[in-house]
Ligand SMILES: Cc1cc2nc3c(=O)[nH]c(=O)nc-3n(C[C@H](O)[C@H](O)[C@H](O)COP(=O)(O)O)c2cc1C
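So this first bit is one chain, no partners, the form predicted alone, shown in structure tokens.
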């Protein structure tokens, strides 16, 4: 029946200091997605997922190396999926938006956003913008 299809999602992330990990786990809980920490697992069978949500922190204007490697090693499989990207960074203004655009363009991902941790908070302590992102990803 059209409109009743179940879309399986995976949230795959690279985190160093924990903010990206917490954000990824919150996203996964809200979306009913499986999570994969690239620090623990670089080989992921993406065949069972329709939508891949990638996440990373930023260091010196670049996403974490494990995410860059993962994307490079899985370009073919990712090209067959709906792919979204979230970045956790310290900038909450045009600098953050520019970083996000540049990284998304580099990876060829059109659905990308960033979270600075500075916006209004929901009852769980996450940015309200994160809930808006969840709604968009559903």
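Only a predicted model underlies this, so the values are computations on that prediction, with no experimental measurement involved. Numbering follows the first chain given and starts at 1.
What comes next is about the form predicted together with this ligand, which does not appear here.
Chemist: Looking at heavy atoms inside 4.5 Å, which stretch does this ligand contact in the predicted bound form, given the options 42 to 50, 84 to 92, 105 to 113, 27 to 35?
Modeler: That would be stretch 84 to 92.
Chemist: So, in the predicted bound form, is residue 72 in contact with this ligand at a 4.5 angstroms heavy atom limit?
Modeler: No, residue 72 is distant from the partner.
Chemist: Applying a 4.5 Å heavy atom distance criterion, does residue 16 contact this ligand in the predicted bound form?
Modeler: Because a heavy atom of residue 16 falls inside 4.5 Å of this ligand in the predicted bound form, the answer is yes.
Chemist: Since only the chain is shown here, I'm wondering whether residue 58 would be in contact with this ligand in the predicted bound form (any heavy atom pair within 4.5 Å).
Modeler: Although this ligand is absent here, residue 58 would touch it in the predicted bound form, with heavy atoms inside 4.5 Å.
Chemist: Using the arrangement in the predicted bound form, list in sequence order the residues of 113 to 134 with any heavy atom within 4.5 angstroms of this ligand.
Modeler: If the 4.5 Å heavy-atom criterion is applied to this ligand in the predicted bound form, 113 to 134 yields nothing.
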